[in-house]
Every structure is written in structure tokens, then in C-alpha cells.
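Below you will find one chain, with nothing else, as C-alpha cells; this is the form predicted alone, and questions on how it binds or moves follow later.
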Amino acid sequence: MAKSELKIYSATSFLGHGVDERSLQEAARLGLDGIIAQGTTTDAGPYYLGVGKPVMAEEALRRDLELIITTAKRNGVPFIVSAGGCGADATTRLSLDLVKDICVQHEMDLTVGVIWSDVSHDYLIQGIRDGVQAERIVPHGRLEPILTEDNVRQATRIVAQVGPEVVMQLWEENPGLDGIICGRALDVGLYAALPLLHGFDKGLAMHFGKIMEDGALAATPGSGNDGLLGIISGGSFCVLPTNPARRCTPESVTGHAFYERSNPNQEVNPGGALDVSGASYEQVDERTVKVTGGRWVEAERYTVKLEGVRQVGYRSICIAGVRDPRVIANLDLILDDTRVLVEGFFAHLGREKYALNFKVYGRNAVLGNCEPSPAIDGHEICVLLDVVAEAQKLADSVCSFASSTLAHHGFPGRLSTAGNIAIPFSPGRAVPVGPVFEFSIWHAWPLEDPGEPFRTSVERFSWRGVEPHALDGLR
């Protein structure tokens, strides 16, 4: 039965960043209709998708899942989370293993809907052959304007970002679920799904999701490991933190409405865009803000974002401190000479076999050529040597030779022949980092059915030691 008012708690900005237990329990005391948390992202870079590992530490992910799931179960409240960071099937399975362990520890039975986000290479290739054109989402030189078969074949792993429609359908077809765990998901969609299920206006629901997605980051003082309570009813919603040390203001809520997008008035989502150009943010009491005016603009076609990575080699690094003022004054010369000597020593391999880069922290390591103050202004700096090669052994070799050359290379006015740099630990001349990936697919894939590329299942966990098993595959 549809509700005219929903109370939903956003437990954290990201699963594994931390859930504030007191805030969560206070929210539960107020009577909730759902506990939600997002936990997938591309912010941490392509590596995690490439290797299929979680972004956050497993122990941190388990702690946050435990607090959310046990609180939800104890209060008869459904939960919706995306988990694992990159959203790959491997990290979704890890999350389910953690859920199983939580159920055993707390002697708790649980029935969970699961949305799997890995996309088959064969599915995409067949779609391309059938005429599907997936356009890149951002203009980037390393991304093909239109997704090609070669892009797909070269990708180590590909995920799609599930929208609210799949969450809604899974819930409608399985009304007895305790909760839903998603792989890679649209953050806003996780929070909009329940309001949409209960018939709320789509513009209102998606605006609600936008403000709620990162928990107490929409409050002041903002926090990534605290939550936010949202109450949606009629044509508006209110947001407030349950932690008395925080409050929402029109400025803090508006700031989050503009968060992470180039156009502050519009956010593109699957099937359309959220337009907040006419939104209003009203302070209704000391800690609560009322929001109205979000509008949904339907798109001509429904698309989901594809994220894919390909491996480009293996990395080795060296971290070196520099304190000698003569070295600092001659650093450009030293780095240039080091590069020339490295290229000469490995000339028999060819330059295409490896790449050597230096980052100088204390000068322009963060902004590079965009740094407005490129001169070194300080008594010590850090030089990061970064080598990417086609094999780990080669990356280690180039990095080791480069760091040794940097340490002992002569320059005009040098006083110390023992070494120009300080390496803070051993081993340190070449620290193997492992495989290196880059995003090669960042495209919008058009769909007739929002659920087409995804697989869903229902899994049952028992604290009595019964293995979780798929009850039915909906797709």
C-alpha cells in the first residue's frame, strides 16, 4: 500500500567510510521506512574495477553493513545498499559473504535481493553489431567517441550503473525481501527507488535522492561518516541530521544539490535529467531544511552508463625526499639528466616498453602545468618516481636504475657524493605496485528495458549454517 509520507535514513556518505551508530539508532527511534547507503564509485580510479577488489577495507565494509543490517532487521525496516566500491560481481559476492557472516554472528535469518552489474562482453559486441551506438559521456582523448567492438574486447571488466527501475522491480516481484544489495549503482537512484515505488513525483524523488546520497555531507559541519534523515511527503521533502552536533541550512543543502556536476542546475541521469533551476530551500527550524521545486526532464531515450577498464602495464614507484638546497636549486637539471641516462641504459628495449614520470611534491605535483606557483618555495621536497612498463620485472628494473641514478648523479656545485636523495624505507628504490589500468569505456548505452544488462537474484541467509543460494534468477 502506497504511503503518503516516507522517512528514509541515509546512513553514510559511502559504505566503509563509517556509520555513526548513535545517529543511526536515533533515526530508527523516529520510525523509518528505509535505511539506505551508497557504496560504489569511480572516484578511486580504474584499478579496483580491473582487479575486482573493494575500494574500502573489508573490515570497514563489514562494520558498516553490520550496523545497517542489524538495525534494519531489529526495527523491521528494509535496507538498500550498493557495496564493494567498483561494483563488480566479485565485490558484490564479497559483500554477500560478509552478510552471511553477520547473520551467523547475530543469529539472524535474512532474505536479500541482489543486483549484479557485470556486463557481458558478448552482450555488448552483439549489441554493437545490431546497430546500438553508445556515445562517450565526456570528451576525453583516450575514449572512443562511439563504443567499438575492439574497446569491448580489450576491456578487462565492464560494469553498468543500475538505475532505480531495477531496484523497484526487484522489490515489487519479491515483497518479502529484507533488503537489496546492488553492484554498481546510480547513487541518486538508490534513494529515489522507494519514493518512486510509493508514487511520488519523479522530479521530487530524484531531487530527494540527490540531497540524500552522501548523508551528512549535506549538513554543517559536513561529515562523510554520519547520516541524514529525509522525510518526503506531498510535493516537498525535509532533511535534517539526527546528530545534534550538526544541522542543515539552505546553504549546506543547496551546496550538495550542486555537488559533482558541471551544470549546477541540471544532473543527467538514466532516462532524463534532474532540473533544480527552480528549486527552493527553506529553513523550517534550527536544524531542518524543506526542499521543493525539483523537476524531471524526460530524455528521448533511456541510457545507462558503462564503465570499463583495460590493463596498460605494471607499476613500480620510489619515494624520495630532498633536503639539500643545492639539489633543490638544480632539480630540473638532475631530473632531465636522469631521464636521459635511463633512456640510454634501456635503449635496447625501445621507449614503448616503459614510461618514466617524476612528480615533485612541493612544486607542481598536484596541478602540473596548471600550477599558478610553479617555483619551489620551501626547504624540502618529495620526488615520486613512477614507472609503468609492460611487465612488473621491467618496471622494477627501470625504477631501481632511475632512483639510483637520481641519488648519485653529479651536478654543478654538488658537495655530497654519498647521495642526493633520502629514501625513507627499505626496500624503497623500487616498490612494485602491481597492474595498472585505465578507463577505456565511459559510454552511455541505450536501452529499451532499463533492466536488460543486469542480472538479479534472491538469496537467503541463515544463521544455522545453511549456505546462501539463489532462489530465482529474474534475468
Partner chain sequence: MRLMDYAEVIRSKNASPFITTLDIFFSDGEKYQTVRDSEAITPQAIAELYKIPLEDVLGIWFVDECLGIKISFLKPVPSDDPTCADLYGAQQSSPLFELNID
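Because the structure is predicted, anything quoted here is derived from the model rather than measured. Positions refer to the first chain, counted from 1.
Below, we refer to the form predicted in complex with the partner chain, which is not included among the displayed structures.
task = Heavy atom within 4.5 Å of the partner chain in the predicted bound form: which of V284, V138, A347, V340 fits that? Just give me the one.
result = Going through each option in turn, the one that passes is V138.
inquiry  = Only one of T292, T148, T405, N265 gets a heavy atom within 4.5 Å of the partner chain in the predicted bound form. Which one?
reply    = Only one listed residue qualifies here, and that residue is N265.
query = Could you tell me if P372 has a non-hydrogen atom within 4.5 Å of the partner chain in the predicted bound form?
reply = Looking in the predicted bound form, residue contacts with the partner chain include P372, since a heavy atom lies within 4.5 Å.
Heavy atom of P46 within 4.5 Å of the partner chain in the predicted bound form = Yes, P46 is a contact residue.
message = Is E26 near the partner chain? Define near as a heavy atom within 4.5 Å, in the predicted bound form.
response = Heavy-atom contact with the partner chain at 4.5 Å: absent for E26.
ask   = Contact between K359 and the partner chain in the predicted bound form at 4.5 Å, heavy atoms?
value = So K359 counts as contacting the partner chain.
ask   = Picking from 105-113, 200-208, 218-226, 251-259, which part of the chain touches the partner chain in the predicted bound form when contact means heavy atoms within 4.5 Å?
value = Only one stretch qualifies here: 251-259.
Candidate site A2, R74 and W171: all three near the partner chain in the predicted bound form by heavy atom within 4.5 Å = No: no residue has a heavy atom within 4.5 Å of the partner.
task = For the stretch 362-397, return the residues whose heavy atoms include at least one within 4.5 Å of the partner chain in the predicted bound form, in the order they occur.
result = Heavy-atom contacts to the partner chain in the predicted bound form: A365, V366, L367, N369, C370, E371, P372, D386, V388.
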